[in-house]
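This document opens with one chain alone, in structure tokens, the form predicted on its own.
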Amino acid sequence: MPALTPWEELVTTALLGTDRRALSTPGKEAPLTLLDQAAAQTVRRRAGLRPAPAAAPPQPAADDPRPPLPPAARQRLATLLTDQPGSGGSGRRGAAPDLMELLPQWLSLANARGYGAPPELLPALLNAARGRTDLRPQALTFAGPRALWLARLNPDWKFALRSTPGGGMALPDPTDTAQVQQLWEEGLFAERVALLTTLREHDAQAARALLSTTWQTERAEDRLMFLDTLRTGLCEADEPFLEEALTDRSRNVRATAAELLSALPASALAARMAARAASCVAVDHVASTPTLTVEAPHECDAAMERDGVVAKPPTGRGERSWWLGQLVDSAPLNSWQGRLGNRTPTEIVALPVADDWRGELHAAWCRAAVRQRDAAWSRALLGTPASPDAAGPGAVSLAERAKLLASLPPRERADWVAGFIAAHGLSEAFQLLGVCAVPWAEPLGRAVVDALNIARDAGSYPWSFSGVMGLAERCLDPAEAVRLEALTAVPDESENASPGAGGYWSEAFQRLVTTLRLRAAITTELTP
């Protein structure tokens, strides 16, 4: 066999062309000879390739000690994960339940029962969590350590590492001082945040002391993230550190330190804010009816800025009202009763406010009640659910009422929203329903069903209530399915009813009943 032309020479000939650089066979046969020799060289090069050393196999996944799912629950999970939303190709949902919307509750219940995920369903579970960020916390808790093992092998699932403190890395025991100190000094930023968070949950004082060792040398953005970990277990012992942070070079760090200090009613900052706010609000006893008078600050001095007051207001907002709102929402709520004639929160909120300051003052008190989780002030600002301005646009908006409701005990919260629905209907209740505990308490569930029944009898289409209907599918007590059965029939349409509305309502109630029964079955399947 004749010797083959070296590969490099073949490449050079191909680039220059056989007319300018001929091989052993000149003329018209030269291109064919070039291709023949290139093919032979290719086979030779591939045949002579020595295999590279095999990569080390991955370490086995950590064991999951949790008990496996019961067979029926495993089959249910497989069904929920294979349901594809929108596969019907139509915007109309019909009577079929949306199985993917049941997955969050399924995961929550499975985690509460302490079950581990079936290994064969982990890929589908991770794919579902990849597409829905709201699923990730519950899905990754249920998936356990094997999900992190898979995430290191598949770039599509890297979110699992980002969503896990320390990227799934093993953290030292909080009591191992040497290992904790070493990781704090040498670890990556995500590992250090995870370490500080874990240590804060175990020993708040030790976490704060660890942070103090490197605080002055940290970058501003890192100081902000580290400072945020102090929200866990925040206490009076954190005050000296936070007071020092009020002089930080970073405005965001100063603002966060001020926010944390304002959540400590006994802190020096809270006392300073209370004194400033009290100088702006007083009771006018000269008027025929005791009235609150407001004198907003005329300037934002350096001391106010140090305590977290932002000097420049947003576009369209007046400076003085902006400063007033920040002072009032940072002042401890328990300081107002003594300063305003020993009145209760309900009596204070009921006082008229002069010169149209009521909206600004009440909105600031709302923010304070939410931040300080003060149930008494929340009740006072909420008022009675049947009051004319409970649906807005009074001094307290629906969004603010929803936040205030979160400060009340679950049953009281449900009773208030039930009263609101009975008085004002469902059209304004969506935000309020979202903060109620699941499953809804019996009075709230009854109020929602009664309101839906009234809307059906009015002859309108159910699409205006699709948001509430979706919440009902996820939040109604499954025991309500029996009472709802009567609403699944197609009603007789009145003369003023929208065409076909009765049929659409029938489908909506059928879907609701089917979903409630599925939720009941899921609870039974996951019960040990």
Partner chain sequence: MTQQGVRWTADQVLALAPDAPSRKAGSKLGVAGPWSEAGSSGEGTVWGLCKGSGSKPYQTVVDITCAGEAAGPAYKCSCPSRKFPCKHALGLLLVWAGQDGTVPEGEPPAWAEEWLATRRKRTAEKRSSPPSSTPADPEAAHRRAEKRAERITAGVTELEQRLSDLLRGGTAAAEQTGYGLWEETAARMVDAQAPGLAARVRELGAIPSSGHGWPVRLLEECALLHLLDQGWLHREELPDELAATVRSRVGLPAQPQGPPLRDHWLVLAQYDTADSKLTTRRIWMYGTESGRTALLLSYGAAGRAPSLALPVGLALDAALSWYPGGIRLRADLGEQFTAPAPTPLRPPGVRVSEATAHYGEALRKDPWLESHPVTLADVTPTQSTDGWQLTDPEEDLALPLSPSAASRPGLWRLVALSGGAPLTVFGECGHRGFTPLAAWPKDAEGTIPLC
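Residue numbers count along the first chain shown, from 1. Rigid core here is just the name for the largest C-alpha set that superposes within 1.5 Å across the two forms. What you are looking at is a predicted structure, and each value in this text was computed from that prediction instead of being measured.
If you look for the form predicted together with the partner chain, you will not find it shown, but the lines that follow are about it.
- Picking from 68 to 76, 372 to 380, 299 to 307, 198 to 206 the stretch near the partner chain in the predicted bound form, with a 4.5 Å limit on heavy atoms, gives 68 to 76.
- Of the residues 31, 470, 459, 478, just one reaches the partner chain in the predicted bound form with a heavy atom at 4.5 Å or closer; this is 31.
- Taking non-hydrogen atoms only, residue 146 approaches the partner chain to within 4.5 angstroms in the predicted bound form.
- Contact between residue 482 and the partner chain in the predicted bound form is not found at the 4.5 Å heavy atom cutoff.
- Using a 4.5 angstroms threshold between heavy atoms, residue 120 counts as touching the partner chain in the predicted bound form.
- Put simply, residue 82 is close to the partner chain in the predicted bound form: some heavy atom of it is within 4.5 Å.
- Taking the partner chain as positioned in the predicted bound form, none of the residues of 438 to 473 brings a heavy atom within 4.5 Å of it.
- When two forms of a protein are overlaid on their rigid core, residues whose CA moves 2 Å or more are considered shifted, and residue 471 is not one of them between the shown form and the other one.
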